[in-house]
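Single chain ahead, written as structure tokens, the form predicted alone.
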């Protein structure tokens, strides 16, 4: 059965297949067709254009989109959606004045989540994560990446990765799995970082390859966690397993991690709340996607990624949720787009580009999702009646999504 969307007020983010991402001044251009149609066949975009050239309605399921907008679903390239429990007590600690680092130093933070996850069964972890996944899909996310990293032992990391694989197999949207090999040091290895990395890489990577559990690897490159040298060690070890490099970097300090990421052809460097001119220079001319996580900045009260500096340098930028229990407990990409406009001074067009086509590129899904392109998956957001696409970030507390379509079918 074919599905035909008709009378679309604006069909947003139309692209040729050759466009993998947008950068610099081009980020402020969001190609659109007014009074448009879109045809879906076998779950993929088959055709689109002006209503003047709309195919016949006969034999098709017709969705009348009068007054509404249609755009590709959100592509969330950085989440930690598979976790156990929550960290609500730490939320109160921060309200009472403790910083993220202070909470971590007293045994909270990532170590807290790891302790809970290690004690949680794989089935319970799956059920908790499935609820979160279904929620973000209803909020418009049509593709996402999920990282491990809250296990901190080979056994617990593999448990997380197997849960992610089950979500991949049982969910209709593209999900990328990333092995976050070096997130934090557990107590048992507090003074033996080399031993921890040796154990994690030596015991997890062979199983990961044998069971096809991840396509990318990640490191938290930050003062007090893992150095640029540690990061290089992890990325080097992963090369033999064909894992795509990605890095958490420059969240609190700029310590040279961005250069390491570019050196190893990282697909993305994520966070970048602190960004030096040297970091910007090394990103120029690379294929590495900078990724901002404004939900984390909002929740922790730390600086926002300097989007204007990045875009002015001719670079691309993606937006992602960083959905995790400690620093960004929300996967609502609508809020992320709004926050980027309000606090990072991105235009609505830039933010939508960052949360769709550039997000798809950041997780190597640019051939499948992220734009209205013939042949791509029909993972779509149909808005309510709107005056313009600016309403999406402007009305930050409202739900302006009427229906989410996954593979052309209403969710």
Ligand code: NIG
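Bear in mind that the values here come from a model prediction, so they are computed numbers and not experimental data. Positions refer to the first chain, counted from 1.
One more form of this protein should be noted, the form predicted together with N-(iminomethyl)-L-glutamic acid (NIG), which is absent from this view; the next part is about it.
327 is the sole member of 178, 327, 334, 250 with a non-hydrogen atom within 4.5 Å of N-(iminomethyl)-L-glutamic acid (NIG) in the model of the complex.
Proximity to N-(iminomethyl)-L-glutamic acid (NIG) in the model of the complex, defined as a heavy atom within 4.5 Å, holds among 156, 311, 296, 81 only for 296.
Note on the interface: of 117-125, 283-291, 136-144, 318-326, the segment with non-hydrogen atoms within 4.5 angstroms of N-(iminomethyl)-L-glutamic acid (NIG) in the model of the complex is 318-326. With respect to N-(iminomethyl)-L-glutamic acid (NIG) in the model of the complex, the three residues 100, 110 and 183 uniformly fall within 4.5 angstroms at the level of their nearest heavy atom. Using a 4.5 Å cutoff between non-hydrogen atoms, residue 87 counts as a contact of N-(iminomethyl)-L-glutamic acid (NIG) in the model of the complex. Of the heavy atoms in residue 150, some are within 4.5 Å of N-(iminomethyl)-L-glutamic acid (NIG) in the model of the complex. Within 4.5 Å of some heavy atom of N-(iminomethyl)-L-glutamic acid (NIG) in the model of the complex lies at least one heavy atom of residue 271.
Contact annotation: residue 226 falls outside 4.5 Å of N-(iminomethyl)-L-glutamic acid (NIG) in the model of the complex, judged by heavy atom distances.
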